[in-house]
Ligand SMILES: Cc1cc2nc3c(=O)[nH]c(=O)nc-3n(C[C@H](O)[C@H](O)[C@H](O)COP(=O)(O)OP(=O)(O)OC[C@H]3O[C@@H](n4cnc5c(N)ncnc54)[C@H](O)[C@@H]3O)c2cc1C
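The data below hold one chain only, encoded as structure tokens and taken in the form predicted alone.
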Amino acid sequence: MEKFDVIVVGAGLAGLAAAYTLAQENLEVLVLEKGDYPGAKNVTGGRLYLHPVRELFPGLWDKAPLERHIVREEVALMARERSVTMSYAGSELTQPPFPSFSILRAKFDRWLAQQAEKKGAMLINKSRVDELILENGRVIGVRAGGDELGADVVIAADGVLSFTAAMAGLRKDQDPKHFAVGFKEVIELDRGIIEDRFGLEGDEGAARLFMGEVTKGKFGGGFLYTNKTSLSLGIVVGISDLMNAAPAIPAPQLLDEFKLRPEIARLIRGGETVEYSAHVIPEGGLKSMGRLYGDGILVVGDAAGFSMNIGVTVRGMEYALASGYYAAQAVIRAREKGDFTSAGLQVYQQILEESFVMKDFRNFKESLDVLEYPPLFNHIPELAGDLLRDLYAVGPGPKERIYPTLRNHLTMGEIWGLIKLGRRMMKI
């Protein structure tokens, strides 16, 4: 059996970050990727927050194929016949080093794989891991395409459904409410048109999140990110709601109808869809995480459940990069002690607990329960739209005073509902 120091299953951000870090420490690393190339199956919406991981990979970002740095944050509440968009711009978003960027994963992952290979990692595409090789309960390698490949440590970076982690017995039984499905299109547009429509200059970018009618009141929302010469436009909807909540509607139809909304149609007019993809997303956070380490194995990225939705931000890519880096550090420490058992690899959990990763997940452990509040996705967008409609309306007769207009909409029942929402939000 051919032997490596580490075998990484999956060439997404987490797996490549681990391979890059290990290879630069002269460990022999093999990365097995099921897709045609790294990034071929990675279809995340497209935003990377750099500040948390900038120092973990010094010298890497200057040449990275990032798209636009985000200088404007927007949230749109979509009612059936109107919408309310809130926009934020701040000087901290416009000064380097920029906090976040839009990226295209097919391009970025391929580039990161090249950087890992330059450090000495070996990458094999179109290679599916069929099973783990166990010896006395400890993972000692994998079987892939009929070959047996040995390793001191296997790193499971094979995505949200992670059959590798499941085969090692590290995954919990999963609840559909802890997962969502995302649908995304990449729509090509002339660079100048993008900058004119969104009020941008140079490599400035904008990010907009949508909630309400975009998912027909179901748990979830929409997103739009500006790239250099394209837009990433998509919808994420909770699988449990998609299965059970009325009205019943095919998920792809949500995206089709979203694109027909006037607010969206005018932004994508003249564009050409060059990519369409769908992807399962972990959203259970701390409550749905299984064990992250075992005898001869570590779990990183989406396979570990490192994705978080707190409404105003949706994050995952920086957690993937960081968990890959910290897994590599754990392997290096275990190697120094010559102990790749669960006892030797539990340092991975310790490192994560001391990092921003687990601190974030503990801070926002209630976020899913807080956001699973139906009025957020149906009643509140309608209320906001109706209120602003009447405040801005100028009809043929005398205009009603502002206070009575507010009172008509913000009844005691409405105010009490907002108070209940505020109390829920206190948990995050």
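These numbers come from a predicted model, not from an experiment. Note that residue numbering begins at 1 and tracks the sequence as displayed.
The protein also exists as the form predicted in complex with the ligand; that form is not presented, and the subsequent description refers to it.
- Taken together, the three residues G141, G296 and G344 all stay farther than 4.5 Å from the ligand in the predicted bound form, as judged by their closest heavy atom.
- The chain is drawn here without the ligand; in the predicted bound form, the stretch among 389 to 397, 374 to 382, 51 to 59, 31 to 39 whose residues come within 4.5 Å of it by any heavy atom is 31 to 39.
- Proximity to the ligand in the predicted bound form, defined as a heavy atom within 4.5 Å, singles out one entry of I239, I281, I194, L104, which is I281.
- Listed residues W111, F163, Y276, F356 were compared with the ligand in the predicted bound form; F163 is the one with a heavy atom within 4.5 Å.
- Contact annotation: V314 falls within 4.5 Å of the ligand in the predicted bound form, judged by heavy atom distances.
- Contact annotation: K259 falls outside 4.5 Å of the ligand in the predicted bound form, judged by heavy atom distances.
- Proximity of G159 to the ligand in the predicted bound form: non-hydrogen atoms within 4.5 Å are present.
- In the predicted bound form, at least one heavy atom of V43 sits within 4.5 Å of the ligand.
- Taking the ligand as it sits in the predicted bound form, the stretch 349 to 382 never comes within 4.5 angstroms of it through any non-hydrogen atom.
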